Every structure is written in structure tokens, then in C-alpha cells.
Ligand SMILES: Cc1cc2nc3c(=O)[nH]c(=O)nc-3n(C[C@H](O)[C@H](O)[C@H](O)COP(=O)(O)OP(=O)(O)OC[C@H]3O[C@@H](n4cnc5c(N)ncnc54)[C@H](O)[C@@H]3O)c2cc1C
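Only one chain is included here, represented as C-alpha cells and corresponding to the form predicted alone.
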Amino acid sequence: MDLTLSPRERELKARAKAFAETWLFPQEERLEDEGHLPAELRDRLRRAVVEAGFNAINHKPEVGGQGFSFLEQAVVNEELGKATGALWAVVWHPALPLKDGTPQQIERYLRPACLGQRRACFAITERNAGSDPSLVETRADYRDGRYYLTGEKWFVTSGDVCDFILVHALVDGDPRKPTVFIVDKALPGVREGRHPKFMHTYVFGHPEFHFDRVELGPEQVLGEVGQGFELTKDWFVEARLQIAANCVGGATRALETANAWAESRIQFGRPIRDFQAVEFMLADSAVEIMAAKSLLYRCAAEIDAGLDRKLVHARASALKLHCSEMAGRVADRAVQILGGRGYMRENPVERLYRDLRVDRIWEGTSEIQRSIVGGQIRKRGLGVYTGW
């Protein structure tokens, strides 16, 4: 079994590393201090993404994307994930379900989104619906050939900079008809609500949205009526793979920072890495990253090889669970190794400590991932995870 990255994969990884260090790292402290980046800087970053060839790496060139394989996406997102403040989010990935749009939807939404001329966000979570999407209350009532969308959505990541929203709603309030609608943000009845403050610093916001009888035509349905859960699940799988890659990158940067500090910090006449308590933390972190990275690359390569869709969903949950929890442990050790300096916001390990915490929550909590893994074991046996 050849686990060596190809020359192209190594080249993409090196390019992504250079992009992160050139364009993303220099913005970290400003973002932390000011809480946002000015519009002109965001526009400059957008142009840099296009020039670097990292726009829409998850979509085909025919629609304006880069057509990267899942493994190629993984090595790129790993390097981008080293940036704090979720600055990796300036490198956009239009939601994968948009590929299932009609030719008209692809031309109106997907192609300009791939080129950076438009931006989408995905709205699922509500006040009473998070891990259980069957509790969604946002509804689209069908009357005389039109849909009227009513409800509210919470935690809509990048909603402040998007111009259209993929909204998961129930047609006529029927839980058997979950449907994804493409909603232009400028439509009458769409209102951006409050912007909650979160523990992490994030380059964009997570606003709430309110929909008051927003009128939509049938051409705004993505896929088919009743297909919403499957489309949303496809988006979750893609998002979980990206989160896993970002976590591997973030953990790697935290460990590299801690390792350098342990070498240079002299106490009691020698580098603190010479003390077994510190050395063991470095060793444990290195082993955990090695295991997570191996799992990430293998899962991505298997998807590229045509792995069955149900197994993709099963393994994406295991991957997201393992990588997000691994990154939290590595970041915690890094803070401990740096001591007081690791608790300062000017230090990347402090920012990573806060940034990585949400990865155990969004796009499916660790508990939901365990539930999925357990369910897969009941249905298909342990071999889904131990027999590959």
C-alpha cells in the first residue's frame, strides 16, 4: 500500500502553506484586536484566493471551480487550518449540494459563487432544532404555485457576508417534506437579526436570520421537495471532512509552537523539553496528530476511489470525532507547555485553544458523531471501522 503523497499533492500542500503564511497569518493579531477585517482587506484577500487557484476547490472547473480531489482538498485545508481566527474561511467552498442544482441555478448561483462573485451560507439550526433536524420549525407553505417561507435560523456561519442562503425548511410544515431553498438575501421578508458573540474569534459572523412570508418560486427549490435531509447530510459530510483537515492543521501549528518553546525555554539550567513531564506531552501530541492525519488522508483517498455513500457518511463521522477531540487535547497541552505565555492572546496557541473548541460542536457534536458510529456498528457490524 503506497501512502506517499503524489508530486501534485505535495505541490498543492506547499502552495497552501505559503498562502496561509503570506496572506492569513499576518492578519491574525489585527483580527483578534479589532474583531473584524475591513472590507478593502477582505476584497484583497478574495483576489489573492483566486490568483492562488484556491477558489471553490470542491467544485468542477466546468462551473468555475478547481476540481480538486478529496485528498487534494484535505492537504490544502490542513495547511489553511493552521491560521487562527478561522481565517481559512476566506478561502471559500460553495456548499456541495449546489452541484445538484438545475442548469439555471448553477449559472445564477454556483458559477458566480465559485468565482467569488457571490457567496452562500447554509441555514439549518434553530432555537429548538440543532442536533435533531426533524424539529425544524421553519416552513415553506405552498400556495398557488408559490412557496412562502416563514421562520428563523440561528448560528448562520458567514451569514453577514453572504448574498444568498441555503435554507432547510419543511414544506407545509410537514416533517416528511424537508426541503432546501435557495433564498436571495435581498428578498423582501428576509431580515438579518442579532450577531451573537462567541468564545472564538471568527473572520466572519454567525448571525440569526428571520424569514417573514418570503415569496419563492419553484425555481428556488434545490433538488426536489422532500430531498432536503439528504442534501443537508451531503453538506454535513463535506463540512466534517474540512473540519477534520482544519483540526489536523491547527493541532500541528500548536505542537510546532510548543515544541519550539520547549527547546528555547531554559529553566533549572536546561531546556524544559528535557523534563519528562514536558517531553511526554510533546510525544503524546505528535502521536495523536500522526494517527489523525493518517485517518484523514485515508478517508479522503477512499472517497476519491468511489467508496459507497453510506460508508462515506459513517467514516466521516468517525473522522470528525477523532480529529476534533485530538486537536482539543493537543491545544490544551500546548497552552500548558507555554505556561503564562500560552495564555496570552498574542500567542497562536491561545487563539487555537479557543478556535478549536467549536469543532466538537458544529456540524454535529461529538455526541452525535458517536451516535452515528454506534448506529453504523449496529447496522453493519464493527467491520465498518475495524475491517478496512
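The numbering used is simple: start at 1 and walk along the sequence shown. All values reported here derive from a predicted model rather than from experimental measurement.
Keep in mind the form predicted together with this ligand is missing from the figure; the text below concerns it.
- Residue T157 is the only one of T252, Q220, T201, T157 with a heavy atom lying within 4.5 Å of this ligand in the model of the complex.
- This chain lacks the partner; the member of A86, I124, A318, L149 within 4.5 angstroms of this ligand in the model of the complex by a non-hydrogen atom is I124.
- Residue heavy atoms within 4.5 Å of this ligand in the model of the complex occur in exactly one stretch of 115-123, 293-301, 260-268, 97-105, and that stretch is 115-123.
- The closest heavy atom approach of I368 to this ligand in the model of the complex falls within 4.5 Å.
- This ligand is not shown here, but in the model of the complex it comes within 4.5 Å of a heavy atom of W362.
- Contact check for H206: a heavy atom falls within 4.5 Å of this ligand in the model of the complex.
- At a distance threshold of 4.5 angstroms between non-hydrogen atoms, S134 is out of contact with this ligand in the model of the complex.
- Of the residues in 58-79, none comes within 4.5 Å of this ligand in the model of the complex through any heavy atom.
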